[in-house]
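A lone chain, given as structure tokens: the form predicted on its own.
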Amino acid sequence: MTTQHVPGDAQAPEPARVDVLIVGGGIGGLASAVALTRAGLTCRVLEQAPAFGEVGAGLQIAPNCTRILREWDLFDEIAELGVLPRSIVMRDAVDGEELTRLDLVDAEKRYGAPYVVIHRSDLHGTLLRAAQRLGVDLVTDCAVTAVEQDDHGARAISAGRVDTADLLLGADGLHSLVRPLFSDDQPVSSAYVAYRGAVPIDTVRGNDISLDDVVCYVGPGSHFVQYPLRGGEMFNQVAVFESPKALAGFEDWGTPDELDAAFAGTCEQVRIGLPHMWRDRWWRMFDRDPIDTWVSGRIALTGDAAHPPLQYLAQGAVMAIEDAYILTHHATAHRDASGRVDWTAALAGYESVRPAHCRRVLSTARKWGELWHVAGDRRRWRNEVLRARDVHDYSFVDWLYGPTATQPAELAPMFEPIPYSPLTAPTAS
């Protein structure tokens, strides 16, 4: 059910109270609605845009997320819309040399679920269709201006309506309206910018590209990612670089002239991909410092409102889906015979699992980005370390791809998290 909210309609009936009110209709908001509705709770999603949709290009879904999508009976649709790559390959952006790879066929055996790359809009569309089938109340053109709560529940206030629920979830992204209830922090600029381009595969065929792998070229102050999408019919590329204009404090930063300059010294394989990037739009890369409190009474955070990461671990959408999975687990575990949820207990369980893991993801993503972009002696050291890695060494991803992040707190994890600091390197001579 999709409802369009008409601002200022004084005759509109008061919306029925629901179990869970979700502010934001992106991947995190829809994942929460799908998971909670599958568990028998009533959900309403309030989306400020005139229609549900996502912008962008490709994203990566690691095994820690595909196992959840399989449990939700959504994996077959995801696999049909996406691509299951053979490997993740890391190369040096300057000379093109292969540094290391992750065998994703072998990784699927280890983690019990595959790795998928998919267009962002296809993942969002899959979740939207699932929400519609389940009967989630999907409200568009509804910009929430305030949230409130009392001992009995929470409210979202927008023009012409007030929505009430037992629980309100802030799933409203990097610039969340709900997050200021928990922290007065602001988004943190990395001074890096991303250009994207998803084009028909025939556009780049013959350029010696891999149609079976996710390939990442890492170089001084920049990196370049390539992989196929939509069953191999499209090819996705992402060019990321540090902006000198951003470092100098200019407001107009990340412009196409900076793109060209950033990749001028890279290998031929990177440079022949650059003409296929969209040059009329770019994405400045922000995250936020981790916070440990996501719950206040009957209001909680989820997705990028709680933990917006830099993209280096490809876990942004994944963490949002994990949030939905864990919250639903604890809501189900703390439900009485009449169907009512003890939200105090459920939210305590949710908060006992997710913030610590997501803090580690956010912090490691920052370090991983630093490692990708080193120059000079540190680049040579990095390349030596990566070349020496055994292709079947999973110590740096066990904590990420194993079930630790979504395992109910009372169960022992399959893998112990392994402390990993990629920048703890000897001084290069």
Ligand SMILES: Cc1cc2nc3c(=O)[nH]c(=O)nc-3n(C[C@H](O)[C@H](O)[C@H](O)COP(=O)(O)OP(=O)(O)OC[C@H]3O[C@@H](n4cnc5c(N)ncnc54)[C@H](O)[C@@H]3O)c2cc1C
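Everything numeric in this text was worked out from a predicted model, so none of it was measured. Just count from 1 along the sequence shown to find any residue number.
We do not show the form predicted in complex with the ligand, though everything after this point is about it.
Taking the partner from elsewhere, no residue among P63, S87 and D212 has a non-hydrogen atom within 4.5 angstroms of the ligand in the model of the complex. Screening I27, I68, V374, L400 for any heavy atom within 4.5 Å of the ligand in the model of the complex leaves a single hit, I27. Though the ligand is absent from this view, in the model of the complex it lies within 4.5 Å of a heavy atom of just one residue from L274, A194, A198, L81, which is A194.
Residues of just one listed stretch (242 to 250, 255 to 263, 136 to 144, 354 to 362) have heavy atoms within 4.5 Å of the ligand in the model of the complex: 136 to 144. With a 4.5 Å cutoff on heavy atoms, D287 does not count as touching the ligand in the model of the complex; it lies far away. L21 falls outside the set of residues with a heavy atom inside 4.5 Å of the ligand in the model of the complex.
Contact check for A171: a non-hydrogen atom falls within 4.5 Å of the ligand in the model of the complex. Contact between A317 and the ligand in the model of the complex is found at the 4.5 Å heavy atom cutoff. The partner is not shown here, but in the model of the complex the stretch 44 to 67 reaches within 4.5 angstroms of the ligand through a heavy atom at L46, E47, Q48, E54, L59, Q60.
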